[in-house]
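Starting off, we have a lone chain in the form predicted on its own, written out as structure tokens.
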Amino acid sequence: MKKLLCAAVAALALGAFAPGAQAKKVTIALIPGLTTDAFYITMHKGAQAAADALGDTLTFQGAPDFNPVTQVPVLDAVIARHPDVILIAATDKVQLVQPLKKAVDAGIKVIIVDSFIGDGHYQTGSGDADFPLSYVASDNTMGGEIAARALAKSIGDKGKVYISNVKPGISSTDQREEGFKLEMKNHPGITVLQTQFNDNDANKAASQLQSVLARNSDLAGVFGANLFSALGAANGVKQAGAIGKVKVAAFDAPTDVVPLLKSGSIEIAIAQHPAEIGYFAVVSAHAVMNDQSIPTLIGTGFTVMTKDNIDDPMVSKYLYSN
């Protein structure tokens, strides 16, 4: 289904907006979760590629940290410039609803990327967060399930594990945690300990790993639900001298993950395809401004990375780069 949705959106770009067609040129603003993360930088590259192909104007503006307190002023500034479409990775599924309604009230189209507002289901006619036209993202619940299966296999389907997460209320990481716990119900030999929230601080995630290990000498694994959680957990494992004893499953895959995979600090990394998210979001924005319909949900894929396949160009091309 995801491939079909992506193919449908791509067809809009290749068909409805073929050379010679009198398509309206669109102004688009991409507001990431934060500007310094390789995931969003890679998303920007994909979005820019689509904008260049379609002749649209794309701006990229965000805050340096993943926080609604700093994201909302950026959103307000973007609304004041009145682009045709705003693409945004919402830093909180509740706190961004009203600020984004201001955009809609100003006549700006809104498409959600990566992390959603409300429940992620749009144009249903119900709920106060129903107004975005589409949600373009990885299936984060599935990503959590994939991570759980891989981690369970690597620890021999037994032992204690926990989730290192950012904080409650972020749709994408909430869903990854949900998917991980859901899949672990199929592994009765594994006990899932209490989730540790690190506020997107890798140093805090490292300290938490060591504290959990001190209380549970039989700790076998940890799932880092985002980049900083995973890198922090991996560093905590290294500092504790527990490489090989405590396996780390990482969600997200910047180039920094390669030496960690090869050294064994990280057992497996689940790479999203952020360039595809950016690309299809821009194509969708172009489509709606040219009176085309788009799917309300556009899913992109994953690539599972390990030390055994990371040197394969068909795998490594999905690493996030600055």
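So that there is no doubt, residue numbering starts at 1 and follows the sequence shown. Nothing here was measured: the structure is a model prediction, and the numbers come from that model.
As for the form predicted together with a small molecule, it is not shown, yet the points below apply to it.
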S134 near the small molecule in the model of the complex, any heavy atom under 4.5 Å? no
Might Y162 be said to contact the small molecule in the model of the complex, defining contact as any heavy atom within 4.5 Å? no
State yes or no: in the model of the complex, is some non-hydrogen atom of F228 no more than 4.5 angstroms from a non-hydrogen atom of the small molecule? yes
Taking any heavy atom pair closer than or equal to 4.5 Å as contact, tell me whether S284 reaches the small molecule in the model of the complex. no
Under a 4.5 angstroms heavy atom criterion, identify the one residue in S115, Q196, Q175, N235 near the small molecule in the model of the complex. S115
Assert contact_stretch over 57 to 65, 32 to 40, 285 to 293, 255 to 263 against the small molecule in the model of the complex, heavy atom within 4.5 Å, equals 32 to 40
